[in-house]
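Take a look at this single chain in structure tokens; it is the form predicted alone.
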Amino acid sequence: MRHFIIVAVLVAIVTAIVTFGLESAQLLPPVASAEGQQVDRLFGLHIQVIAFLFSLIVVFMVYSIVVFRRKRGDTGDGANIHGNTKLEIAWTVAPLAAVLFFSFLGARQLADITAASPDEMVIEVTAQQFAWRFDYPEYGISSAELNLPQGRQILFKLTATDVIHSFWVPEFRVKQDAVPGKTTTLRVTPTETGQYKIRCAELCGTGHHSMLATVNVMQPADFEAWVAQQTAPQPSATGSELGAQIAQLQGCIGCHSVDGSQRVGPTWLGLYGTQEALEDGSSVLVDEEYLQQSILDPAAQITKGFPNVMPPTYKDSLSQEEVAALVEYIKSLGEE
């Protein structure tokens, strides 16, 4: 009994030390959503259980090695211990009870964080290699950045145009897959203003690492001001200006840089008017006809050194005027 009391005290001390160390390590970024706060509370309980189990094993092991080690000169056999039925029942029932308890907590919190709020705002999220687009049907706005009002629940309706992606903002703690041909949902209530990053948490291709988008959580008044600015009458954009807007919304900038940096596809900076080497060993002049064909039928002529990952869907999703505007935008970058 004396040994068990000593071990119990040591287990309690080591558990407290390990728990403090894990909680002080700041393993997670600051939480910025109401749903994330519930997730963090559940994480905290898991950390305490993990610290206890670690301490239980390590303290018993080290204590046994130190206290019950073979003494000098002792060459006899140890005591023959057959087993302990009560102990075996205890270490079977206790873990089972812990698993059932955490299953109950997890199910209850899942129900809480997926429950709808009467004033939730719907945002439609479209994922594609390797960019995000956000549509606000309540306001008729489309954006390449995600702007959210603080304190209002958001219902994200997610889909993908090509492969499976995963919508994840680490500070929100929750994530959801975006699946082609299917609409999935995710609810988030931002609680902290600031700027965050959406990351794709599903390996989706060669440009997976660059599939990022900015999240701006604003005060409600600032969000309304942004909405008013976006919905106000805008002066007619020139061809290249309209092309720049389309390039952002359609995710073109996720693969093609406009500053000369290397991405999944060729940079658009200085592209127009050059000779482009192709995979088949030939070359082609980058003119309007070539650019239009590359947008509408990207597999027809593959640029040497770049993978054939551009989706062939733009011939259906873009009008002739939008394609022409994109070409004008690329031309303007080639003229700089």
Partner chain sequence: MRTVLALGIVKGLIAQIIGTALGMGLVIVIRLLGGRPAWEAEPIVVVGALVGAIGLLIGAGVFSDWFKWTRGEETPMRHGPPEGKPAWTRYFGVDYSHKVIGVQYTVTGILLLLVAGSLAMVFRLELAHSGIQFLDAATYNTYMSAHGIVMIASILLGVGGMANYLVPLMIGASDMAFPRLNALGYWVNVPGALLVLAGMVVGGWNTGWTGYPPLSAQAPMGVQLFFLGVYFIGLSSILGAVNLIVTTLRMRAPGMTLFRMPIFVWAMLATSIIQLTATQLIGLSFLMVVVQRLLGMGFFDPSLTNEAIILGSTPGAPVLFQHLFWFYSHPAVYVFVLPGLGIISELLPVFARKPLFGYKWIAMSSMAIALVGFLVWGHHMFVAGIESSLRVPMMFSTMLVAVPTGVKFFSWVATIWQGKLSFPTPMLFVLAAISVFLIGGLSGPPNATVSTDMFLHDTYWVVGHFHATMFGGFVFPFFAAVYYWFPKVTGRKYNETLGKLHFWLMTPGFWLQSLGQMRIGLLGMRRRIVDYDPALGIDTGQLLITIAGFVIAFSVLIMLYNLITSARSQEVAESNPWRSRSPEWQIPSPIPEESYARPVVIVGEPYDYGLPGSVYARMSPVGASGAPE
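The term rigid core refers to the most C-alpha atoms you can superpose between the two forms while keeping them within 1.5 Å. Residue numbers count along the first chain shown, from 1. This one's a predicted model, so the numbers in the text were calculated from it and none came from an experiment.
The next section is about a form of this same protein that is not shown, the form predicted together with its partner chain.
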* Any chance residue 302 has a heavy atom within 4.5 Å of its partner chain in the predicted bound form? -> no
* **4.5 angstroms heavy atom contact with its partner chain in the predicted bound form for residue 63** => yes
* Quick one: is residue 29 in contact with its partner chain in the predicted bound form, heavy atoms, 4.5 Å cut-off? -> yes
* **is_contact(residue 140, its partner chain) in the predicted bound form, heavy atom dist at most 4.5 Å** => no
* Asked: Just one of 162 to 170, 244 to 252, 115 to 123, 147 to 155 has heavy atoms within 4.5 Å of its partner chain in the predicted bound form; which?
  -> 162 to 170
* Structure fact -> Answer key: of 218, 215, 174, 258, within 4.5 Å of its partner chain in the predicted bound form (heavy atoms) is 174
* **its partner chain in the predicted bound form - contacting residues of 48 to 77, heavy atom within 4.5 Å** => 50, 53, 54, 56, 57, 58, 60, 61, 63, 64, 65, 68, 69, 70, 74, 75, 76, 77
* To do: Taking the rigid core as the superposition reference, indicate whether the CA of residue 73 shifts 2 angstroms or more between the shown form and the other one.
  => yes
